[in-house]
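The chain below stands alone, shown as structure tokens; this is the form predicted alone.
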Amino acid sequence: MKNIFKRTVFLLLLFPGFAQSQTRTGHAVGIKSFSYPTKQISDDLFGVFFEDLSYAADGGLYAELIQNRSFEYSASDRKGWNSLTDWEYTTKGFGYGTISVETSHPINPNNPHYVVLDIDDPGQNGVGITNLGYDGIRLKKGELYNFSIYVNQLSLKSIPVEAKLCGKEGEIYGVFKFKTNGKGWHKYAGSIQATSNTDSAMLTVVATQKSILALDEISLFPQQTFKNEHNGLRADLAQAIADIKPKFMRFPGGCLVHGDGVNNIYRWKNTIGPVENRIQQRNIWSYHQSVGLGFYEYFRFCEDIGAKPLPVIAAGVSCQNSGGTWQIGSTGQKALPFTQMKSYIQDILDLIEYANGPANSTWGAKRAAAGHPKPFHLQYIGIGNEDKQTDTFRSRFKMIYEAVRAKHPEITIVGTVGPSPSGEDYDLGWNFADRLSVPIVDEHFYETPRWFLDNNHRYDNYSRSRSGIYIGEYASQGNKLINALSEAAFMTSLERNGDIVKMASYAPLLANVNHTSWNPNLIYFNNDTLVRTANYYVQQLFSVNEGDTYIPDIISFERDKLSKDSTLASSCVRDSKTGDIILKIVNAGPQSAIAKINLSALKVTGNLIVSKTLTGNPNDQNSLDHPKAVIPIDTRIKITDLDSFTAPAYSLTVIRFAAKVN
């Protein structure tokens, strides 16, 4: 669908505090008590999916500004990489010496590599190393940046060291100075205030006298992280996610969960505790995971934004695409030996204890030691990710499923039915879920806008006696307005079927524009700014305006009477907490349509104020160069307009009544 959509997108909505606060005027709409057939909607319908691909974690949501901070990059991460990738040996000012990467006496065996500087002559400016950051380090004038480093003084005397924020032409934006205080690994930390704005700074660490010293775990964080959390998240990206108001957050993937071979399976225990003691590993998307954003940071973020955690654990098998066979039906799936399954299952049980156990339990104590004595209230856990349905997978899934269900019947288990919305794996996955009575299964689909429009009734006839549905990953293969509208049309069907569709999350969530390995995504960013896509605004509108009861037959379309028009879709839901009625009207076609709102069924009276309009060409898409190509603006309508409401071509309309129920 190229260059055929030339109409305005028109979005109308009213609700308190959409993304930002707003002022109401006029008369409230009164809704008298009514008896009408309704359907309960899942409390957790719309959430977000996070996977560390396209540098979504390191170089993205995780606020660390130093790349390869502990010298653990290697050629197995990416061809040509090594322990000094993104570092430069610095000898400006006629200094000289040698640099080496060593492993004989590390801070921790989990973090084996470190740098040794043997400085023969410090010259005028010292000898050391410089980090280039992720496409440069962004600094804001006047803001503070927390620097830390581990140093092992190998010389007899104390060594003066300088950490400098520098520009490409030698500009100095801030300095932190300290002296080492003895042999052995010691952590040194301080803050640096930036004197200028730049997006291309570097961090240089130099010793300024003849000496030998070892360096490791060199870190630089903006002091202002999201909620000012220690080892925290980049504030603007985290806030953009929080603004969606997701009911849940899935983590850590995606294909990242089951990894590229069994030795690359994501192990949650490797991601907690002091960052210098965590076990890093290769990322299946061909870079590196510092796991600085690990399970503790994930649980903490969910709590900060009011989202339920949905951790996903590999089902004892690796991705079927292991070894580079990236195609549906590929046979790279590898499995943990049965002799290892008992300990692997115990790891999963330990995760539940880490999240929910008392502070005096074995793993609850580790959570408490990290700074969170209270439980995280874990309710869901996913086992497997779009796995190929083999006997190898099924045998291991069954072992995990039965063990978790027996030990923790209070936990809702989410299974998986393969990588596609139909086909052999899908059918086999559903048959297997039926045999085990899995509470919820995870369906994935990345399809065209037309597929989403044509599949609006996909879940209408699903058996309500089978597993509930979690649509863990979906997107319409683009970030244009027409993509977002096709997703909006499909999302009305998720509300209509919110009794069987328990959860849904667009995927992927984040992508660094300079390191994008998958498109489309919900939010794009660089080290300076971010852009919310049209798809983002659709997700936000639905999530912020989620109801808990679906009311059928409230909205009809004149254009829809003679032949079913898949470009038209609608839903009517009620939020029992506020008493509000929320209408969503989608017109993804090239002509306007008349929507009839059955106000008499709701017994509505009074005036209506509506605000926030989303305008733009359906082929437009937001980008870092044009971040406001498609953004909401204010508008308003009257209640009488709903008797025969014109839904403009290529439009999403959300109308919320601030109502009182008698």
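Residue positions are given as counts along the sequence shown, with the first one as 1. Note that the structure is a prediction, hence the values are computed from the model and not measured.
Another form exists, predicted together with a small molecule; not displayed. Remarks below refer to it.
Visitor: If you check in the model of the complex, is residue 51 within 4.5 Å of the small molecule, heavy atoms only?
Guide: Heavy-atom contact with the small molecule at 4.5 Å: present for residue 51.
Visitor: Classify residue 518 as contacting or not contacting the small molecule in the model of the complex by the rule of any non-hydrogen atom within 4.5 angstroms, answering yes or no.
Guide: Residue 518 belongs to the contact set for the small molecule.
Visitor: Determine whether any heavy atom of residue 237 comes within 4.5 Å of a heavy atom of the small molecule in the model of the complex, and answer yes or no.
Guide: Residue 237 lies outside the contact set for the small molecule.
Visitor: State yes or no: in the model of the complex, is some non-hydrogen atom of residue 444 no more than 4.5 angstroms from a non-hydrogen atom of the small molecule?
Guide: Residue 444: yes, in contact with the small molecule in the model of the complex.
Visitor: So which of 297, 473, 487, 495 gets a non-hydrogen atom within 4.5 Å of the small molecule in the model of the complex?
Guide: The residue from 297, 473, 487, 495 that makes the contact is 473.
Visitor: Of the residues 344, 426, 285, 376, which one places a heavy atom within 4.5 Å of the small molecule in the model of the complex?
Guide: That would be 285.
Visitor: Going by heavy atoms within 4.5 Å, which of 390 to 398, 502 to 510, 352 to 360, 308 to 316 lines up against the small molecule in the model of the complex?
Guide: Checking each option against the 4.5 Å cut-off leaves 502 to 510.
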